[in-house]
Every structure is written in structure tokens, then in C-alpha cells.
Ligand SMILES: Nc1ncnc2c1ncn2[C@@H]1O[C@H](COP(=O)(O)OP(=O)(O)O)[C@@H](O)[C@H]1O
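The data below hold one chain only, encoded as C-alpha cells and taken in the form predicted on its own.
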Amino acid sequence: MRVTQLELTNFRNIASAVFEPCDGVNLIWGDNAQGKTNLLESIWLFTGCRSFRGAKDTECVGFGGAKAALSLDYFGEGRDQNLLLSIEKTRRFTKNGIKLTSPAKVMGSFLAVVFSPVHLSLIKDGPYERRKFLDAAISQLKPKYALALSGYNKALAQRNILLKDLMYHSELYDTLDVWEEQIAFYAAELMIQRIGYIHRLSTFATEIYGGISGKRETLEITYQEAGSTGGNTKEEIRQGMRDLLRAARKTDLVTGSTSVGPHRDDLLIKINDLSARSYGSQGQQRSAALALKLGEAAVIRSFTGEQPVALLDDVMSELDSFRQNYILNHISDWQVFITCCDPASVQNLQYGKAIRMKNGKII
């Protein structure tokens, strides 16, 4: 999958731009606040997802304008295709001349992965960020996972409500079995999918990290259960989760919340056998987060047969020259968009295309 042409009108600080990228590395450079990240953001929006910067739709429209208009020509699924995106109060998509009823309808048409400084939270922050990463990545590939996640969260919420009510209504104690059965059912589905996904992700991410670090460091990714079910199959995990929930009832009644289950699990990331979160340097943490995101792209390719476009925003900061060189010149067979501020990166780019952005214009 690759972008052949991008056209923007009134998108953030970009009044008008036409960009024809190369099939390899596209380096977008310039000073801060010139529109580099805006360009990457515009490409990302064609996945059907919301802005990776957390922006509202209306914030993407240029100041004082009524709407933004975006056009993406790309090659995917063996043919040339086009997506149009109009942003006013909401987003409206047209694919190959056919209007789509919602942004969800465009998902899966154009595939991309994005790395930005906010994704350092995968390494630096708590388990919630890593679970969110897992849930989003798996849901994109397996819609049934999203349904199971929704079912799990609803059952979990009901058990937590019941735990608080039991202080005043002890006669409801037996109904814990009902919600714990549902939690165990959905938990087994979530955990078996997470473990399978991490196995695939780890294979790709560890290889990518090895390339970034020049084989000087090793990356290890494992799934860490809040309470071990002791199971390998879905039924074994289901039964193990039932047992964990029952064993935790006394503690959970005191706290009014559920202490075991996938909502408490984590992704353990180590560099050279040490916690990346606790002991990794800034460069190592950035490299690990990047390896996770590029590994995500590789998993998508293994499932769909399509190589997602890689959007790397401010990825070069805090990386030594060796790691920068790898990103610029050794990510092969992918279309990659990289933003940076340092003009020296342009000189170090051996192949590909470099463009400069200034005041919202490509120059």
C-alpha cells in the first residue's frame, strides 16, 4: 500500500498543498510549527480513525474557514484508488466516487500506522496505555474482539456495582456467580487473542529493535496476567478465571472493585533483561516504542497481505546517529513518512525524497 498523491485545502495551517511522495522514505523537514505534523495527520485521517493528536474534527479546519477538503490517491488491494475527505462539523468520506455513510465504513480501505511522541506512553506510563494499544491493534484485525471487550467491560461494571451493593444487600451474594461467569467467558476470549497477538508482535518487534540497535541490545515482550489462570486453552483460561474471581471475593468486597482479570493485565517490555520503563534510557525507550509500532504494521501485513504506510512524527529526537541512520536508510520495502527539524537528516538520507515545509507550504 502506498500514497501516490495527497491534496489538501484549508487543513489546519495548510491553505493549499499537493504532494506526490516517493515509494520509499519521505523526509519532511523544517522548523517547529510549520505544518510537518499536520501533513502526517492528514494522511492518518484517511484510515477512518480520529486524529492521533486527540484533536476534534473542527480543529482540523483552517482558521476562519468553513471546511477542509482532502484527497488521497493511493495504491492498495492491487489497484489505484481514491479517497476524499470533507471536514466541517463532522467527517464525510467518498471512496472511488461513492459516498460512505460513516467514517467507520472507510476503515480497512487505507492502512497506516503512526508513531508520535505521545506513543512513548507505551513504555513510560502505566499498564492502561499498553492495554489500550493491544485492544486497538487487535480490534482493527478482528472485529469480534471489540465485541468481546465490550461484553467484558459491561459484565465487569455490573460485578463492581454488586460488590458495593452487597454491603447493604447481602441477599444478593449468590448473583456474583452470574456476573463472574460472564466475566470469565469474555476474559478467555480476550486473553487468548492477546496472547496470540503478542506472540506475532514479539517476533517482528524484537527483530526490528535488533536492527535499530545494531544487534547491541535485545527487546523482550511478554504478557503479564494480574492473576495467573494457569490455562493454555480458552476453556482452561475460562475455568481459571472463575477460580480467581471466587478466590478474590473477600478482598474485592472490601475495595468494591475487581482485582483480577484482563482489565488489570500488562505488557512487560524488557531491554537486555531489564524493565524498559524503569531502566531504559530516553533513546532506548523511544526505540522500543517505535519497534512496537513498526511491529504492529508487520502484523497487519501478515494478516491482510497489505503493507501499511508508516507515519513517524518526530521520531529522530533523542536517538544516536546509528539509530537515526537505520530509520532513514534501512527500513526497506515500506512507504515511510518521517518528520524532523534537523537539516542534517536531509544530508544523511541516502535514498528517498526530502521536502521542506515552511509556513504551511511545501517548498
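The first residue of the sequence shown is number 1, and the count goes up from there. Since the structure is predicted, the reported quantities are computational estimates derived from the model, not experimental observations.
The same protein also has a form predicted together with this ligand, omitted here; what follows describes it.
Contact annotation for R53: at least one heavy atom lies within 4.5 Å of this ligand in the predicted complex. Using a 4.5 angstroms limit between non-hydrogen atoms, A33 touches this ligand in the predicted complex. For the chain shown alone, N13 is a contact residue for this ligand in the predicted complex, at least one non-hydrogen atom being within 4.5 angstroms.
Residue contact check for E59: one or more of its heavy atoms lie within 4.5 Å of this ligand in the predicted complex. This chain is displayed without this ligand, yet in the predicted complex the stretch 59-67 from 319-327, 59-67, 43-51, 301-309 comes within 4.5 Å of it by heavy atoms.
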